[in-house]
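What follows is a single chain, given as C-alpha cells, in the form predicted on its own.
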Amino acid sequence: MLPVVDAANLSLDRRQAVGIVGESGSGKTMLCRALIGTLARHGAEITAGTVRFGGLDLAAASERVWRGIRGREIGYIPQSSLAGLNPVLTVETQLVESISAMGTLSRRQARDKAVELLERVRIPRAPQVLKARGHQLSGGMRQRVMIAAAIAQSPKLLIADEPTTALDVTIQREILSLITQLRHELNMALVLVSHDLAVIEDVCDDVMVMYAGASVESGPVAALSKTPRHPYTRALRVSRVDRALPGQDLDAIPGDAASVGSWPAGCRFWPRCSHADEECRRGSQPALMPIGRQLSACIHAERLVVGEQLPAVANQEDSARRRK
C-alpha cells in the first residue's frame, strides 16, 4: 500500500478556524477526505492514527456511523463546484435531498428551507435558481449552492477544500467573506484549505503547513507570518505574489515537490532546502516539535529564529490586484 499522508497532525476547538496550506500533492485533499470519511470512494483507507471528533474516534467508524456525522456534524465544500453538483438533477432536488436527511421536514418544508438557504448564501431570485442545473449557473453561483448544501444541517465543523478554485478574484473575495460570516453566525469551526497564504491569514486563526504527506509546521497565523520556523513555510512566504515588486522576478522554491512514492529519506524537504545538511538526509521525516508558539518539524528550527523575521507584506488591496 502506498502512503499518501503519514504524518499529519491537526487539531481545532469549537468556533476556531484552521487553515491548511501547501503545494499540490502535499496531501491536503486526502486529509480532508479522511475528515469526512470518504477515503474508500477513492480507493484509500486509514491504516494508523486517529480521527477524533467530539470524543469519538472516526478512523475506524462504519459507514452507518459516518452517515450520522457527515453533513449533520461535519459539512464539506468540495474543490470543484461543477463536479460537486449532479448535472442531470436540479438544484432543488439536490438541496432538498441534503435537507431531508434530517428526516423532520415534509417535502414542502424542505423546499422552503432550500429557498432560505439560497437566500442566506446571497443568491438572488432563489426560487428560479432552484429550477436550474449546475451547468446553467456561473462558477460563483455554483459554489454558493455548494455552501448552502454544506450548511443545510447546521454542522459543528465546516471543511472547505479550496472553495475559490477557478473563480476570479472578486468572486473569491465574496465567497471567503460569505464563509467567514456563516462561520460566525452558525458558531461553526472551520478547516480551510488553500494554496494562498494571504487567504489563510485573512480568514483563519491558526495554520498547518503540509509538505509531502506530513505536517511540517503549525501555530497561530500571526506567529507563522512574522517568524516561520520551518524552511518550507519561509519559502512559501517569500514566493508569495504579493511580495513581488513590479519589474522584479518572483522568488520561487527551487526544484520540484516530492512525489508520492518517491519521498526522500530524512526530512522530505531537504532536496530543496538551503539549510539542509547531512543530518537532514538521515532517518525518517522529523516529527513536529514545540518551538516558541509554534510546532516545527525542522531539526534546525533554532537557526530560523534569530534574524529571520520577514518584512510586512503589501496591503490587501495591492495583494488582490496582483493576484488578479
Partner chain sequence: MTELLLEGKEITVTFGRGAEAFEAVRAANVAVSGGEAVGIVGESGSGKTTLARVLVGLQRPSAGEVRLEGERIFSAETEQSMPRSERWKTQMIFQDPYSSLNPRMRVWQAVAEAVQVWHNLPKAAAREEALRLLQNMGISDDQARQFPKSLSGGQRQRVSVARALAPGPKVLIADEPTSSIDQSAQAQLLNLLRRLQAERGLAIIFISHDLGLVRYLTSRVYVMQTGDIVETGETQIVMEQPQHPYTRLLIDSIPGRGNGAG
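Numbering follows the first chain given and starts at 1. Just so you know, these numbers come straight off a predicted model, no measurement behind them.
The form predicted together with its partner chain is left out here; the points below concern that form.
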Using 4.5 Å between non-hydrogen atoms, is D202 touching its partner chain in the predicted bound form? yes
Do V88 and its partner chain come within 4.5 Å of each other in the predicted bound form, heavy atoms counted? no
Taking its partner chain as it sits in the predicted bound form, is R133 in contact with it (heavy atom to heavy atom, 4.5 Å or less)? no
In the predicted bound form, is there a heavy atom of its partner chain that lies within 4.5 Å of any heavy atom of D256, even though the partner is absent here? yes
Taking 4.5 angstroms as the heavy atom distance cut-off, pick the stretch from 118 to 126, 92 to 100, 173 to 181, 221 to 229 that is near its partner chain in the predicted bound form. 173 to 181
Let me know the one among E73, D161, D242, D206 whose heavy atoms come within 4.5 Å of its partner chain in the predicted bound form, would you? D242
Given a 4.5 Å distance limit between heavy atoms, list every residue of 16 to 37 close to its partner chain in the predicted bound form, or none if there are none. E23, S24
